[in-house]
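As structure tokens, one chain now follows by itself in the form predicted alone.
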Amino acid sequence: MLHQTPGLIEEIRSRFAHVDACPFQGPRIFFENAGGALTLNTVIDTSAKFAAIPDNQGRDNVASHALVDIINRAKADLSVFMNASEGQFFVGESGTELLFRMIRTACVNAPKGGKVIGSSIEHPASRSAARRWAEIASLDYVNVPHDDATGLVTAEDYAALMTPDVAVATILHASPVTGMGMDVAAIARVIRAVAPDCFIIVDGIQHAAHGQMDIDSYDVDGYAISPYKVFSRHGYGIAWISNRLTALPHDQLIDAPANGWEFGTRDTGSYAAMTDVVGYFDWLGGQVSEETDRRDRIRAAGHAIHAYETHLTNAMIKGTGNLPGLSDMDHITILAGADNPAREGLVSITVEGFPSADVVTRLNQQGIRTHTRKADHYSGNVLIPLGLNDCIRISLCHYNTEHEVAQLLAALKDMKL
């Protein structure tokens, strides 16, 4: 585990900007990673470097050729990072925008009278797109209810509502509200068992920072991530699409190459920054394993990240040192249960007698950054069935420490009426 290797956590933290201090607030603990993870120092350097280059891709000059090579390298790196042996990667405005484009394309090409299936746990990035384009394309939308107690939707839940006329399916890999990870491969299997030609599109935005992406094992057609949530920066999203989704008629310029999905000249720096991210996972895998193959190192990094984040969330829930855990505090309620093996580095809570926004403010005053999720268009699908107006989201990554968890517990222990 990461914290059992002497000096490794300190080495990890040294690779990230603003790891223990905010440039506006000063010293602080960062438990708002689901809203946007910390940025690698290498990404910052790379972004500055490419922001200064005036040349574009597709020109006959040395600089332009170099930019094309950098983009191609980044796409190859992403193929290793996410284990995608076919299909293509491309950059767009954001993860949300890319989900809309993939889902729109699948829906408008679906047979009339078909169905779109998705679940109530999904972030509106995929759910809104699926419902909107199902209506426009004259498709029925089938909603798979998630389990309120566990914050999960399962393959069995999908299977119960599957029919052969389902043409498009959406799956959430991990919830930014409950923090629970779904079994994408199992859900895809039950979809294909009934509707083998269904186009399956996955929202991987919340899951990406916690490692262990494996597209070849999922048997899906689209997967989107937001780089600012996986140690890169804001301003773009990345999608992977299968060869058959690539080939569908889609928005593009007249007479452009049939397999092109990008619009306009993209920022080479955004691609190059993903090479930095993949390089970081590769480095971390080399610290926690003896693997010599790059993909195997990246897989080892993902397993180590998941194990360490589970250690941190267990410390948060069950206590650490002489501090009681969240489950021991009578004034604290943990969403989706205290013992939930699907949890991925996130614990959402309510504090009895306090609006969540007030708790977030009080924690901020003690230098602990968390976030309020409200029963609005982002999180109402999860919170309203629980009878909640809001909750406090505590989201961590593998550069957080048990000492930071202890400071959070100390702050929450006495926060009661």
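It should be emphasised that the depicted structure is a prediction, and the values quoted were computed from it without experimental measurement. Heads up: residue numbers just count along the shown sequence, starting at 1.
Note that the form predicted together with a small molecule isn't included here; everything after this is about it.
Asker: Find the only residue in Leu245, Ala134, Ala125, Ala110 having a heavy atom within 4.5 Å of the small molecule in the model of the complex.
Answerer: Looking at Leu245, Ala134, Ala125, Ala110 one by one, just Ala125 meets the 4.5 Å heavy-atom criterion.
Asker: Have a look at Thr333, Ser94, Asn340, Thr154 for me and say which one sits with a heavy atom within 4.5 Å of the small molecule in the model of the complex.
Answerer: Only one option qualifies, and that one is Ser94.
Asker: Name the stretch: of 265 to 273, 110 to 118, 280 to 288, 221 to 229, exactly one has residues whose heavy atoms fall within 4.5 Å of the small molecule in the model of the complex.
Answerer: The contacting stretch here is 221 to 229.
Asker: Is Ala174 close to the small molecule in the model of the complex, meaning a heavy atom pair under 4.5 Å apart or at it?
Answerer: Yes, Ala174 lies within 4.5 Å of the small molecule in the model of the complex.
Asker: Heavy atoms within 4.5 Å of the small molecule in the model of the complex: does Ile205 have any?
Answerer: The answer is yes: Ile205 has a heavy atom within 4.5 Å of the small molecule.
Asker: Mark Ala34 yes when one of its heavy atoms lies within 4.5 Å of a heavy atom of the small molecule in the model of the complex, and no otherwise.
Answerer: Close contact exists here: in the model of the complex, Ala34 approaches the small molecule to within 4.5 Å, heavy atoms only.
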